[in-house]
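Just the one chain here, the form predicted on its own, laid out as structure tokens.
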Amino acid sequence: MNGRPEFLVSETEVNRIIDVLLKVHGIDFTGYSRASFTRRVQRIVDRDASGNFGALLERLSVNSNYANLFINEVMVNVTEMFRDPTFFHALRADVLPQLKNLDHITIWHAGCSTGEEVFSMAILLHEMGLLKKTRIVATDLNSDALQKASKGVLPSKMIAEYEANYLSAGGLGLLSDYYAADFNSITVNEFLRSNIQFKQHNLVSDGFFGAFDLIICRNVLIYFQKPLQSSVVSLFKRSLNKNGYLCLGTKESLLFAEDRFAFDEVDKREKVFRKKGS
């Protein structure tokens, strides 16, 4: 064994997988970064195909349970509580104070994965006295991730890192104030989860479903090709209230988006933008 895959997936075969996922299961991966998508497909093929690509394609076509597992596995799910603490500092200092005078605050967290960053936002809102009047819609395409998020149960092995992130983000107490610990997991307190609605949503094909004061979509657009990035930014523009805020990941930008001129830059480093009022 030389460590190389026994069966290297070709571009044609990747296209056939994308075609099956779209035509049979209605999930469109055509606008995703091809390199990232191919790497994830290769790992699945190495494990499941045993060199028989035709059998794998047939399984994808006729077995909806396997197709769902396949789709969930090729999705990117990397998250942690208070990820990038300086971003949460920016929310605390520059964004949420501008929303505090609203009667109600609506937030869309797109690409929420298993919920760690959504729960972080709920903690921040609580510490600023805003949680009770805020509704958070947290969406993802990955149904398995959403199921985990809805339960509020997180692995305890990361808690020391989460605690450090929380303190670096300007936390006002102890992170342990916000969860109950068990043997190998923690459960986020119910009062933090009560205003969060977890919902399956596909940024590629699903459209506008509400008007929001703040949209957070961090480290998702980097996995999309530029035309799809532009399309998603347009969706966000339509989904934001006047003067609403859009937060992206630090490696993302509006540079190639058709609607880039609809936003003002609030924080260049943390990629915080505000929709223009006119």
Ligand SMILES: C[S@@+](CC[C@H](N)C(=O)[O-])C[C@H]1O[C@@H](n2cnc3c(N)ncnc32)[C@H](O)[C@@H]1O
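For every residue, the number given is its place in the sequence shown, counted from 1. Being a predicted model, the structure only gives us computed values, none of them experimental.
The following text describes the form predicted in complex with this ligand, which does not appear among the structures shown.
Colleague: Thinking of 13, 38 and 70 as one candidate spot, does this ligand come within 4.5 Å of a heavy atom in every one of them in the predicted bound form?
Modeller: Contact check failed for every one of 13, 38 and 70.
Colleague: Looking at 195, 150, 189, 77, which has any heavy atom no more than 4.5 Å from this ligand in the predicted bound form?
Modeller: Only one listed residue qualifies here, and that residue is 77.
Colleague: Using a 4.5 Å heavy atom cut-off, which residue among 90, 204, 175, 124 comes into contact with this ligand in the predicted bound form?
Modeller: By the 4.5 Å heavy-atom cutoff, the listed residue in contact is 204.
Colleague: Should residue 134 be counted as a contact of this ligand in the predicted bound form, where contact means heavy atoms within 4.5 Å?
Modeller: No, residue 134 sits far enough from this ligand in the predicted bound form that none of its heavy atoms falls within 4.5 Å.
Colleague: Decide whether residue 220 counts as a contact residue for this ligand in the predicted bound form under a heavy atom distance cut-off of 4.5 Å.
Modeller: So residue 220 counts as contacting this ligand.
Colleague: Check whether residue 224 has any heavy atom within 4.5 Å of a heavy atom of this ligand in the predicted bound form, and answer yes or no.
Modeller: Residue 224: contacts this ligand in the predicted bound form.
Colleague: Is residue 212 a contact residue for this ligand in the predicted bound form, using a 4.5 Å heavy atom cut-off?
Modeller: No.
Colleague: Among 96 to 104, 160 to 168, 79 to 87, 177 to 185, which stretch has residues whose heavy atoms lie within 4.5 Å of this ligand in the predicted bound form?
Modeller: After filtering at 4.5 Å, what remains is 79 to 87.
Colleague: Could you run down 21 to 57 and flag each residue that has a heavy atom within 4.5 Å of this ligand in the predicted bound form?
Modeller: Only a single residue, 32, comes within 4.5 Å of the partner.
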